[in-house]
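One chain follows as structure tokens, the form predicted alone.
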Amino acid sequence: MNGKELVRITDVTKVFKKTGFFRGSSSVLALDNISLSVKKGEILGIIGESGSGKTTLAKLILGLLKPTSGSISFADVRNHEHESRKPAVQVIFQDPYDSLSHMMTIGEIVAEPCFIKYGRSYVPEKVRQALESVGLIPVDEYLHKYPHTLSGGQRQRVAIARAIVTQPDMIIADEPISMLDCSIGVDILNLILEMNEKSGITFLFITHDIAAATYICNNIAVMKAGKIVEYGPKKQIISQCSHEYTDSLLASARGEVIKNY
């Protein structure tokens, strides 16, 4: 982590408007005046329960949604210029079964993001390097397989290979281990740590599991009801948390958190 700011979120609010024939219109406040920064090379954990706004925040950073108010800047690019930053940010989704096309081979899935950035002549080499880096070796045994023939952990490794193949500045990992068995999940966490340490890739790690966050994250932001209720280095969060919601999360996973600490 070099301290350089990669993403700055400033006073961001997101309101979803709902309309219904019988109930008229209503509004849902998904994010409430969020300010946060992600530094280059860090693993920042975003922790919260379902509905806390974690995934909405990720979609705003990816440019899939626009903020109702406030601004998001990425490498000095403002939030209305999403096209110029798409290659720099990739995403790993929660369910590797649903996030991979079952009509494509593993090689085709990992190759797809490469065509725009590298051109077809460089794709085979990049695909092989990505698959090797996530531990799917020997590569030739996986290139022509389809996702349904792999285990859940192997599918998530394919999803990670697809995310890293274009050498992004940042990867948003949205609950990447919640659909996996515990031991396989630890392997995926270790893989994320390895990529962060060796390649310097920045990760935004979204989770409801504070034990997982304390295992791999440098800093942690705790979200509840669309607000960041606590933010700081993980050691500070573990030993000196100031919000009762954070305390309840720690209490529910105390043994694992202490072990990670």
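Fair warning: this is a prediction, and the values are worked out from it, not measured in the lab. The first residue of the sequence shown is number 1, and the count goes up from there.
Form predicted in complex with a small molecule: not shown, discussed below.
Taking a 4.5 Å heavy atom cutoff to the small molecule in the model of the complex, the contact residue among G200, G51, G70, P233 is G51. Among the residues A30, V222, I34, V38, the one placing a heavy atom within 4.5 Å of the small molecule in the model of the complex is A30. In the model of the complex, none of the heavy atoms of T214 sits within 4.5 Å of a heavy atom of the small molecule. When contacts are judged by a 4.5 Å heavy atom cut-off, Y245 does not count as touching the small molecule in the model of the complex. Contact check for T56: a non-hydrogen atom falls within 4.5 Å of the small molecule in the model of the complex.
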